[in-house]
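For reference, the chain that follows is the form predicted on its own, supplied as structure tokens.
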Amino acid sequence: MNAARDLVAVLADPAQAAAFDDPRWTGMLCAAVAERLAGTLAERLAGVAVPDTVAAWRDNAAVQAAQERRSALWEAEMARRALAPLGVPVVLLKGTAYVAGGLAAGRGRSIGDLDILVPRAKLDAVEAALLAAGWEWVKPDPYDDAYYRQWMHELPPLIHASRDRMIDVHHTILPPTARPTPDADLLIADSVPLPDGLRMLCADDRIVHAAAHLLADGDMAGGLRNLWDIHCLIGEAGTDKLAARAARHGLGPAVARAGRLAHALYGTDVPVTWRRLTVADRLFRRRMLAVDGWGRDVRRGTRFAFYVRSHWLRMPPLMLARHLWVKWRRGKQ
């Protein structure tokens, strides 16, 4: 997995790219595209002497990242306008929050859906306002709709009819069936205002959420990008109060593991107690580096194991068995 390791090394220290030959450049750039880190890598390579072909790739990736940034901020503004009459706090999450807040994690970051956090008690009003403003359901299937509403930490995804942009409306940051139970009211209460009337999580909660998204919710897809977020967020906020805040949300182990992995891969400055990888940590690192020099997924056994783990984290065994049975039966039909 030299391409993925080269990508990690150059993100941490762009000067290391000076020794690359053409095959290593090709492999690293393919890995960056596959991991949705092309814009971030372009940002890191700004001002670095690179071959002409790489410079062209870098400039193009930077342009694409800038376009994604503009689109993300505009979509956030459209959501703000739709929800402003409700008078509810609207908290931006993930990439859109990073760029709106001018954070290091937002520089060159790839941004897909708009993720927002609102009070659970206001979900019906928020849903109605978004539907009235032109968003519509992506998953009209009754089973999927009921599953999201009963068991997930967000509404079923919505997409805008004319702008073709998706929005995920969260009422907390992990499914209610997950083992940790973050304090959603505290997340919203301690969120900080942005100049446009929207909000974002406070500094420690941004790290806690990033760690939860990386390690406690999902199959680790996009792990290198999410871990880079954590590296940047810790670099700006530090870790003085992070362990205590993570414990408040029941996510102390996930945040500590994220810190260990960020230190191991990106050299993040974390407490000494977070610097030695456990045996399990090495499996997470193996999963995050599972991309080859063509940008293809490799280590299928490892990836499948983490896919199973992601469902196990979200659901009790009987619920998981029923969910997989329904999905399998529908697939056969």
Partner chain sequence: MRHAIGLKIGPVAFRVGSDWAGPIAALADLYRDYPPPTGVPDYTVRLEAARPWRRWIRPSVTVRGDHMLPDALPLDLAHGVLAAEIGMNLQLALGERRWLLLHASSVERDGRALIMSGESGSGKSTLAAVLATRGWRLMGDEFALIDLATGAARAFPRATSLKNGAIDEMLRHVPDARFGAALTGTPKGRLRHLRPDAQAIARMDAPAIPALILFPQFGRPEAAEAMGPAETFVRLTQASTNYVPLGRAGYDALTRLVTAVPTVAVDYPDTDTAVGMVEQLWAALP
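Quick caveat, the model's predicted, so the values are computed rather than measured. Residue numbers count along the first chain shown, from 1.
Beyond the structure shown, there is the form predicted together with its partner chain, which is absent from this document and is the topic of what follows.
A heavy atom within 4.5 Å of its partner chain in the predicted bound form is found for exactly one of V298, A280, V63, A49: V63. Comparing 27-35, 41-49, 268-276, 281-289 against its partner chain in the predicted bound form, the single stretch with non-hydrogen atoms within 4.5 angstroms of it is 27-35.
The candidate site formed by Y148, I159 and R303 is entirely out of contact with its partner chain in the predicted bound form, as no residue has a non-hydrogen atom within 4.5 angstroms of it.
For D13, no non-hydrogen atom is located within 4.5 Å of its partner chain in the predicted bound form, even though that partner is not displayed. Taking the partner from the other structure, its partner chain in the predicted bound form has no heavy atom within 4.5 Å of any heavy atom of V308.
In the predicted bound form, A264 stays away from its partner chain, with no heavy atom inside 4.5 Å. In the predicted bound form, T53, V54, A56, W57, N60, V63, Q64, Q67, R70 are the residues of 50-82 with at least one heavy atom within 4.5 Å of its partner chain, listed from first to last.
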